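Just one chain is shown here, as structure tokens, and it is the form predicted on its own.
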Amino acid sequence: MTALTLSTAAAPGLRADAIVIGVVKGAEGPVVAPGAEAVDKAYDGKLAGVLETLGAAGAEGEVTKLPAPAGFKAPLVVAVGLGAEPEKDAGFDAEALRKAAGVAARALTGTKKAAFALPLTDAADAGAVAEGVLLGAYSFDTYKESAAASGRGARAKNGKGPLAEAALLGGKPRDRAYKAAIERATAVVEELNRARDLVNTPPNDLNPEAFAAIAQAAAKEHGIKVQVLDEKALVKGGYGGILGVGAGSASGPRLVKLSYTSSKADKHLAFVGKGITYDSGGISLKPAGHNETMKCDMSGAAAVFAAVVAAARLGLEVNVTGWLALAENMPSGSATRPGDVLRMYSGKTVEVLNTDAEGRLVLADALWAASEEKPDAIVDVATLTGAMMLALGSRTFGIMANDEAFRSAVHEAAEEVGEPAWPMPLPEHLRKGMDSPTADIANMGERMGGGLVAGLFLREFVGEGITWAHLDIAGPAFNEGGPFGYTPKGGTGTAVRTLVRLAELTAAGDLG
């Protein structure tokens, strides 16, 4: 991953391959952002005019490259758009800094060192820029020929690796707050990028057993207690949902429990992740064109895994338990059929009307297991429904909860860290559609409002009196389009930062 340093050096004398500066969209044209004063001075104060001549406007995501002025040791200046000029004395939005830094990092693929002269007014700004750089510099090329030939696992299509080093100019290397901000950004993004790697790994290399082994290794490294339930243990425990979904696959299911504990904690959060390492739809087979990206159906479990490890690395004063409900949903002679009835871990029975509504089945068992420990709150994360994508698009996840205040708190945390989300209701009238003449509940209900129906189903498996929220990340978990901001093509790692922020707020006593 890109190495980060804080630097008090002046831009002209810094040995680097490029100097990154910010440009904002002013009322009368582009305006050079604070942090780049030395660069602007070297252009005799006319840098904004030069950029405008080159077509720059300061719009978000815009990149303009130009030769560095005489006397600079770096040969290149990279001007990146920050979007609209902020109100006077308002400062720059953290997400604008993240996006700009991420765009610049992507534009500098193959570069050894870049100096980032973006606006840094405090440690929080430094943390935002650091996150943007590390997120934007991500690449996944493990399976590319160039990577295999070089023995390196993170190389671009053209054989060039990501930006190797980033120096944040205007940073304060000896300031505790600045150092802490960089350390936090590094820990969180390293784990988020690990989640991206998992999502991007093809399903022939990442089945439930392999995922569980990766979790075990990380837990050992970071002092996290881990428990893995294999098929025999799941049968003995009565985990009918997870077993039912995994019944058609040659790769057996797993339930992984990761427990991070702090001696100073008096609060306990439980995170539950859907981990379908490949989703064919089972007997209710998906139509052609809908299978190709189904390796991403374990994004929720990847996010939960990453968040627990990040909490441990940050030493947060809160107990965090992660539950990874892992299975592969395949059609075969042993697969669960539409019409079958499963007895869940909670004791309730579920009539399976559609085997492609499998995520809610594995989550139901994990939610009940999490509830048995009586945590202060449970948050589940899942690529659960196409209906949520129809409602909110491909960049926003939905939030449902059994407590409006908690739903609002989760939404605020998501927006704070730059993960677009939207609160969704749980309409009681939709519950009746899941009534079954055969079992306690069916795994399908009304077609309209399918994402909300799924949330209502999950609510049935949350212990009484426990605060709970459900994040349906079906849209933003996997980016099938081109990269934007600090978001790559493929696995995005969405929800990791929201979960970490919830853990931080809980540790600080600011979340309920």
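Quick caveat, the model's predicted, so the values are computed rather than measured. Residue positions are given as counts along the sequence shown, with the first one as 1.
Quick note: we don't show the form predicted in complex with a small molecule, though the next part is all about it.
Taken together, N354, T385 and M389 are fully in contact with the small molecule in the predicted complex: each brings a heavy atom within 4.5 Å. Contact check for R360: a non-hydrogen atom falls within 4.5 Å of the small molecule in the predicted complex. Using a 4.5 angstroms threshold between heavy atoms, H222 stays clear of the small molecule in the predicted complex. Interface residue remark: L456 is not counted as part of the site for the small molecule in the predicted complex, having no heavy atom within 4.5 Å. In the predicted complex, the small molecule lies within 4.5 Å of some heavy atom of M444. None of K160, K286, R395, K374 but one reaches within 4.5 angstroms of the small molecule in the predicted complex through a heavy atom, and that residue is K286. With the partner removed from view, the residue among E191, D279, E131, E419 that has a non-hydrogen atom within 4.5 Å of the small molecule in the predicted complex turns out to be D279. Between 331-339, 286-294, 81-89, 198-206, the stretch whose residues reach within 4.5 angstroms of the small molecule in the predicted complex through a non-hydrogen atom is 286-294.
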